[in-house]
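This document opens with one chain alone, in structure tokens, the form predicted on its own.
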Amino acid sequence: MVDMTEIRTHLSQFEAPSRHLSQDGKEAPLAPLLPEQSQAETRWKDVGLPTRRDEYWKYTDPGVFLNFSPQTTEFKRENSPLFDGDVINIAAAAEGFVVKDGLATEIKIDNLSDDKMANSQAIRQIYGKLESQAQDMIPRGLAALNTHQASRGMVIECPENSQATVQLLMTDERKVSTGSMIHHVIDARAGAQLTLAEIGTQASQTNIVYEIRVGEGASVHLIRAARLSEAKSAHMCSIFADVAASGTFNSFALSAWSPWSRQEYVVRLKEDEAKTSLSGAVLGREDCHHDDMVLVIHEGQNCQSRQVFKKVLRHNAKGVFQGKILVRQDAQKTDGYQISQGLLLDDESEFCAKPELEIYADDVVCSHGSTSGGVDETQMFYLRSRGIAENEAQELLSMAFLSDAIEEVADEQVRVRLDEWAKEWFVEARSCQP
């Protein structure tokens, strides 16, 4: 039985509280933007909100995301771009997501809240569909609640063989920040190539959902970089992607300065020779908690998947990785790889990992591994013996540790800037030594 009081309390923290929910939870005071949002109500009422009893929440307290107190002070954030040149720049604003410059005519970018979106092909074929099918594997109440309640988001439609690079600059200039619930839909049709970079965050509390369909021979590269300076924040992001034959979906996330965050990935390699690379680099300090939960489902033959997650943790930070490769019976010639590692820079930090393989095909190559530990003392001695200060030596080894994850990003310009942002974290961490 869903606790409607708990639901209302949770929704009251967001910018449009109880937009479709009456006081008794039985009637909708406002009509949903889309018919698919009404269908999502049944899902979250069936699965409810997460608790510590749920298997995939045992390392992370969901109460932080459910009962978060939004900030009441002005945010300070930096949203320097990842890309130069011919790029479509989009900024988050009160009225939705606004194209600032560089819009290419070959792709369409609309706001979820536009009335015309109710008849959009991308909406009718994707919105809520990918999130719904993921519920069959693991209950995801927060994602279903997002599908039901979200009133903001981008709808990006990429025609066949189109190419585009898009930067989404998330900003919030409000003195009092309520939470932000955002739902993005991406439809990359056959042969299309899309690179999307999401930089920053729009509020101290966010619940973001991506639903991404990658067509035959298409490629979508999603880069998310959170560079926050709030003392308190809680961020939840769920990414659902379906990949058709010879399609590619790659995702990289950099998280630094973020106290509480959780990212969930569900990627289906639905047809032959589909590929995915999911990677992340985490820099956590001073009680931060970062959780990555990954499920890659191999359904087609000759498909490849990679999971590379690295977390550098200090000052009582906690990193969590839960990753699974599921190979269906007909998914012969599967190549699946998974690695998760935690580098603990003190005795107070913690890294928890739960790698899994579930294989029903007999002609596959799959591997997974996980390690955690401190800085290699031999390497430290080598650097110190050459006159390098201890802090600097530790930073050099930490950057080398993160490099495997950052190298998963295809664009060299982006890799360089991600390296620069990671180095900034070490500089700030050095100046904030407890």
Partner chain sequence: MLSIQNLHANLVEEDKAILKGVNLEIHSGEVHAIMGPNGSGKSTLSYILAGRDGYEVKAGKVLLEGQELLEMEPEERAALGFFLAFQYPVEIPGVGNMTFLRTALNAQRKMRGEDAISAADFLRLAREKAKHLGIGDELLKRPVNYGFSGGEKKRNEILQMAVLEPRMCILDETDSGLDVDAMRQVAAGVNNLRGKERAILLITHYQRLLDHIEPDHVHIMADGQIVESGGPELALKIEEKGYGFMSGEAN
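Positions refer to the first chain, counted from 1. Keep in mind the model is a prediction, meaning the values are calculated, not measured.
Form predicted in complex with the partner chain: not shown, discussed below.
The partner is not drawn, yet in the model of the complex one stretch among 61-69, 372-380, 48-56, 34-42 has residues with heavy atoms inside 4.5 Å of the partner chain: 372-380. For the three residues 413, 416 and 427, a heavy atom within 4.5 Å of the partner chain turns up in the model of the complex in no case. Taking the partner chain as it sits in the model of the complex, the stretch 380-396 comes within 4.5 angstroms of it through a non-hydrogen atom at 381, 382, 383, 384, 385, 386, 387, 388, 389, 390, 392, 396.
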